[in-house]
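The chain that follows stands alone, in the form predicted on its own, written as structure tokens.
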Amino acid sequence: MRARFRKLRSSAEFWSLRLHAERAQRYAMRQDTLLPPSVALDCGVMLTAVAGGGYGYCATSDLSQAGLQRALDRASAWAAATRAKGVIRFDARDMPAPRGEYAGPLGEDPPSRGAIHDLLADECRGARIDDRIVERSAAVHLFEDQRLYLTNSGADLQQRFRYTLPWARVTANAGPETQSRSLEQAQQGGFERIGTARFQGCGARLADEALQLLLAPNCPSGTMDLLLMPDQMMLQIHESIGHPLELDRILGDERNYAGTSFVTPEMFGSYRYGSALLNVSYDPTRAEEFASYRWDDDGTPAKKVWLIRDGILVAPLGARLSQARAGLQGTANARASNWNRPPIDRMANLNVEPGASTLEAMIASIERGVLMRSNVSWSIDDARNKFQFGCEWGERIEDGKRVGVVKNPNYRGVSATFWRSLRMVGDASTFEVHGTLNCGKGEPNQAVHCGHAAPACLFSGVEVFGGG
């Protein structure tokens, strides 16, 4: 590919090639029946050109010399056509020219297909502990991703990633009542992630918890303390911090599709987003997290950046283009879902930093509240402000003690008001790394993976309610 790139010619002052090559495998079992496995291979390139301040791009899966040149010609034509029409004027001299290689944690190679099937069968069989268990599913998704970034100014970046995603779900039913428990872990690495996710043995464990929920009372309703465990904190961070802080959304780019944000450019540096205990970082350097990388898809070096410090909003999730438009410092988060999409401002690893409280201390401080884990439903308005989330699992806490499981736990709030109610943040012993595979944004749509790590967190005065 490098040799073909060097032979490309254009009238543009700057051009680049970004190659994505992905191999995806999915193995799944439902009840005790193996579902057809799937293997998908995808490879292509995006050619980008900058000419006279204009910007153009063209994607192709034709990787021949002629195919690459046709794509570059079209990108160059678009760049020439947009010289006087852009929001900002691109300068080829500002384009970075980094060089280097990076590999995320590759870990253990997957075992044979038969061994994976046996693993899934064990968990589906292990979940068959009671006649009330009506649904048992298990799956493993394996991804390998290679990316190459080349420019006529000398940039040469190569990055390689591997992802292993175990997933399981068990559903119990009795008359009109149905309850489910699930496991999902999303981290970079090899097949050793099956062990760190506690996947082996999860079938029986999830089945037992689903049966407990069948017999549990509904979550109480009222204003009370809310203790969110890390697997639910993941969604809370994603929806009420991540999306509102995307700078292109703040600038209005997503208004017609994914909505706007209640955040405005003037808020950075002074707005109290949360209590003084809230510290949020954009950190693509935590190697095992789902969206770690060394350079973003525009070639900008990635580093840890504080977005919220001691509760004060500090910086947006904005890549090089949005930073130039807004006049704000941001992050290296220009990300594309694939070779046929341009990079846009996206979440990567967005984390709440650990605090100083143990889980036991947080529980002991609660007079009346509910512990919740594992998201099951979510709703948030177009400005990413008012939200309502539901969880699979709840536990009632009274006078500093867990006093029983509750089903259908839900809570609602307003983003900044909710984060200002944060009164205790779990220490490193409560900290967990999670992630999500399908965050949608952009026109045409792009689904990317995001990492979110957090400790358990305790909020006061939250509106909690049950189902039914």
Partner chain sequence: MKAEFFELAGRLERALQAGEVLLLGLDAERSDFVRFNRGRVRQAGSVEQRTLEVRLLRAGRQASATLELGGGGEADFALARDALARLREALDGLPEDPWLLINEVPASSESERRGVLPAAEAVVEQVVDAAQGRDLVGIYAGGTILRGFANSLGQRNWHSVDSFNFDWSLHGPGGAVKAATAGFEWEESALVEKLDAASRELARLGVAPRALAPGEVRAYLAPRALEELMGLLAWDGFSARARATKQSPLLRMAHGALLSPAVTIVEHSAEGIAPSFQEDGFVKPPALTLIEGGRLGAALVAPRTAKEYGLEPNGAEAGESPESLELAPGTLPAQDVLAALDTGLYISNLWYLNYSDRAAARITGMTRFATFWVEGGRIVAPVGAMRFDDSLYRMLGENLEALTRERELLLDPSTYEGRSTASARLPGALLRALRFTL
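Residue numbers count along the first chain shown, from 1. These numbers come from a predicted model, not from an experiment.
Note that the form predicted together with the partner chain isn't included here; everything after this is about it.
Trainee: Does the partner chain come within 4.5 Å of any heavy atom of L245 in the predicted complex?
Mentor: The answer is no: L245 has no heavy atom within 4.5 Å of the partner chain.
Trainee: Would you check, heavy atoms only and a 4.5 Å threshold, whether I88 touches the partner chain in the predicted complex?
Mentor: Flag for I88 set to yes.
Trainee: Answer for G259 alone: is it within 4.5 Å of the partner chain in the predicted complex, judged on heavy atom distances?
Mentor: Yes, G259 lies within 4.5 Å of the partner chain in the predicted complex.
Trainee: Given that the partner chain is not shown alongside this chain, does W78 nevertheless sit within 4.5 Å of it in the predicted complex, heavy atom to heavy atom?
Mentor: Residue-level check for W78: yes, a contact with the partner chain.
Trainee: Only one of Q69, S429, T417, Q31 gets a heavy atom within 4.5 Å of the partner chain in the predicted complex. Which one?
Mentor: Filtering the options by heavy-atom distance leaves Q31.
Trainee: Considering non-hydrogen atoms and a 4.5 Å limit, which listed residue (I308, L321, M95, M224) is close to the partner chain in the predicted complex?
Mentor: Filtering the options by heavy-atom distance leaves L321.
Trainee: Any idea which of 261 to 269, 70 to 78, 141 to 149, 123 to 131 reaches within 4.5 Å of the partner chain in the predicted complex, heavy atoms considered?
Mentor: Of the options, only 70 to 78 has residues within 4.5 Å of the partner.
Trainee: What residues in 176 to 212 sit within 4.5 Å of the partner chain in the predicted complex, counting heavy atoms only?
Mentor: Contacts from 176 to 212: P176, E177, T178, S180.
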